[in-house]
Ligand code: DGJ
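The chain below stands alone and is given as structure tokens, in the form predicted alone.
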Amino acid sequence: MLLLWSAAPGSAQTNRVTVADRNVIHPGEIWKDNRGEHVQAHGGGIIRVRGTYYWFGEERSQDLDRSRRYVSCYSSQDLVRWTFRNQVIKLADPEGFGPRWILERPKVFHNAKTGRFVMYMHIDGPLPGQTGGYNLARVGVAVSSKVDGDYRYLKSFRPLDHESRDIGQFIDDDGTPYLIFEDRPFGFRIATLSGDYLNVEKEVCLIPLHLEGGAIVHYNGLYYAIGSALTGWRPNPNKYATAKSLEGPWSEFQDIAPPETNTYGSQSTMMLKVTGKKATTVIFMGDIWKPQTQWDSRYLWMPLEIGDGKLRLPEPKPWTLDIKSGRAAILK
């Protein structure tokens, strides 16, 4: 028996149906690609181009050249079976940041006007004279003419002269691109990109809470924002708020899952909306970090209960997704 999530407009109702066990996503287990290898797309983001989904994320395999930082790209037609495409970033220290520099949370946008794919990433590390810490607090930008091509690093900067650590991406239903970034100590900022997508142009909103792992989705007339508390690698109770517009005002933040579960050991990276012919499913994409064995970090993807200003992350269980209908089903 499966539990079918068929989110009709204005509701988060569920119906029980019996369907075949197919295309199952197993939250928290090793997710293998077409080569039989663990998908390396940590802290990632997804875009859809001409009907194909592309998943970008941090490559943290054990056999990497430790003088470089890597981003991998995978493709899928169904969000379940993933094909490795390319290590789209294989970057040595691009600006003399030093050996402790980091590259995290890559997010790719497609600029339909220029035809280019633009990757934003969190660039960080110690400032000159320091031996550790996340004090650079910048975003990096890289571009490619192909979605799964080799991305060329252009620059890094502090968006709108603010510190930026964890970043997230949001593309609204009208195609407008937004960057979400954590500006310590002020909060969670949402900003638009410039026409060529190479700069952050204008702040839309500052949510004055200390949140990272920012994610936003627009569902049935409301914006839902998710964030994680600042506890480093340790999971915590992720929270959500809603607003009628990105400018706010935003509601009070509430837990997305029972707080004692610490979001079932995960941290948010994105909410992905899948709209089919019969329903719309919003997927919570989270990372289960393993700081001592980062190559073995896992993913927690689950369909959210969402509607009428409420959002809930169900207990992780195997589930299926039908892209054409837009329906997700949780195995019971």
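Not measured: the values here are computed from a predicted model. From 1 onward, residues are counted along the sequence shown.
Just so you know, the form predicted together with the ligand exists too; it's not on screen, but the next bit is about it.
Candidate stretches 232 to 240, 193 to 201, 139 to 147, 79 to 87, one within 4.5 Å of the ligand in the predicted bound form by heavy atom
Of the stretches listed, the one contacting the partner is 232 to 240.
Just checking whether Glu163 would be counted as a contact of the ligand in the predicted bound form - the rule being heavy atoms within 4.5 angstroms.
Answer no; every heavy atom of Glu163 is more than 4.5 Å from the ligand in the predicted bound form.
With heavy atoms only and a cut-off of 4.5 Å, decide whether Thr281 touches the ligand in the predicted bound form.
Heavy-atom contact with the ligand at 4.5 Å: absent for Thr281.
Can Gln267 be called a contact residue for the ligand in the predicted bound form at 4.5 Å between heavy atoms?
The answer is yes: Gln267 has a heavy atom within 4.5 Å of the ligand.
Hey, in the predicted bound form, is Tyr153 touching the ligand, heavy atoms inside 4.5 Å?
Judged by the heavy-atom cut-off of 4.5 Å, Tyr153 is well away from the ligand in the predicted bound form.
Just to confirm, with a 4.5 Å cut-off on non-hydrogen atoms, which of Tyr223, Trp250, Tyr134, Phe109 contacts the ligand in the predicted bound form?
Checking each option against the ligand in the predicted bound form, the one that comes within 4.5 Å is Tyr134.
Residues of stretch 296 to 325 in contact with the ligand in the predicted bound form (4.5 Å, non-hydrogen atom):
Heavy-atom contacts within 4.5 Å come from no residue here.
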